[in-house]
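Shown below, as structure tokens, is a lone chain in the form predicted alone; questions about how it binds or moves come after it.
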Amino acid sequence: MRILVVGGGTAGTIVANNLARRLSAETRRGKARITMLSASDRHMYQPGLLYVAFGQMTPDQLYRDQASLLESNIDFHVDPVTEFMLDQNKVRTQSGKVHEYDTLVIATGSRMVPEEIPGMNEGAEFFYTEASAVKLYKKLREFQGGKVAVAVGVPHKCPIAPVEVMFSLHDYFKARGIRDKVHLKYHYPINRIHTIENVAKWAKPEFDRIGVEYETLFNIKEVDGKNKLLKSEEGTEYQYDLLIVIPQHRGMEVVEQNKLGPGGWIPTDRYSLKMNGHDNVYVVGDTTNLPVSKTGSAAHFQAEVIAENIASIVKVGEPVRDYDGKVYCFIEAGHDRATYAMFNYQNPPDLKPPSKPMHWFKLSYNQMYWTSVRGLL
């Protein structure tokens, strides 16, 4: 069986490594072949971007050489896919090479699209790329006081990020001794402060405790950078001195260009993780249109299901398990405390009071990630 993994992020890397170990005998005998096509020779630890924005990590700490993270029986190429020919079981890459497959795994991820809101690119700060996180860090260091607005577009990667950034801002300005000179205001698009109801119920009193003002039903319409005005579709506006936005995301351009799914999100069966209408194509991580968080943990749990099923098909001809919607998110709650949200399709999260041990566990995961992405954890 020729297995092709497109995308070398968290999801694609875990799928490929998991398969490589499960099918080690089959790859030695030539019964299976695993190929990965990636757009980069470097692998980024994306959750670390928020740490970069607050000066807690430097950009070089976010990266490892992609080849070093892969099992030796994976055929790895830095040659991104430009064309999906699903009806022919083929893809074409940037170099012009055509790869044929029996089973395809699409793990192309997602991207922020601040350019879709007038003025946002010019008037706001972000932390979803290395360059934007470094720029935000410099802005925060220069900031001496005033109104800091945080606004949220949907959908976006890491749904907990808007809440975490508020705690991080509070702690950062407190450590600098200027918290009393900073007014923090949070803007969220629905009528509570987080999409996940139990997270919203937990976060609201926490925001009150640290003095964060919040406005719900605020969908970003425009950013007037010249006058420093944040405007909503609902007709309200807020004057800021520093604007930080969690911008709307879309799937990657190649997915949209190949018309695999609206907005770059590929229609995916919520249990089998197969692309709708294509029995030999799996979709994993941010690329799916599933009603679950776009996080590394969701990608991890999905990747394990896909790898186990593909390996089982190679060995016995049938898959063995379904994805249950499992997600696990750490939530930094400020002052060296953290909690977590664990949930699936059937069960909403039940948040526990934040604690220091959970904070240290989250920090240790920054290093454990590299073991995790190799599929060893």
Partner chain sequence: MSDTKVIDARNTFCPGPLMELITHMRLAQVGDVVELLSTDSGSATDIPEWAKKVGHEMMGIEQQGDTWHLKVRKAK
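Residue numbers count along the first chain shown, from 1. No experiment lies behind these values; they were computed from the predicted model shown.
Another form, the form predicted together with its partner chain, is not on view; read the next lines as being about it.
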Q. Do S40 and its partner chain share at least one heavy atom pair within 4.5 Å in the model of the complex?
A. no
Q. Using heavy atoms and a 4.5 Å limit, would one call V292 a contact residue for its partner chain in the model of the complex?
A. yes
Q.
Given that its partner chain is not shown alongside this chain, does T268 nevertheless sit within 4.5 Å of it in the model of the complex, heavy atom to heavy atom?
A. no
Q.
Using a 4.5 angstroms cut-off on non-hydrogen atoms, would T58 count as touching its partner chain in the model of the complex?
A. no
Q | Interface segment, criterion being heavy atoms within 4.5 Å of its partner chain in the model of the complex, picked from 140-148, 111-119, 124-132, 86-94 | A | 111-119
Q. Just one of N280, T216, S272, N276 has a heavy atom within 4.5 angstroms of its partner chain in the model of the complex, so which one?
A. T216
Q: Counting only non-hydrogen atoms and a 4.5 Å cut-off, give the residues of 140-175 close to its partner chain in the model of the complex.
A: V154, P155, H156, P159
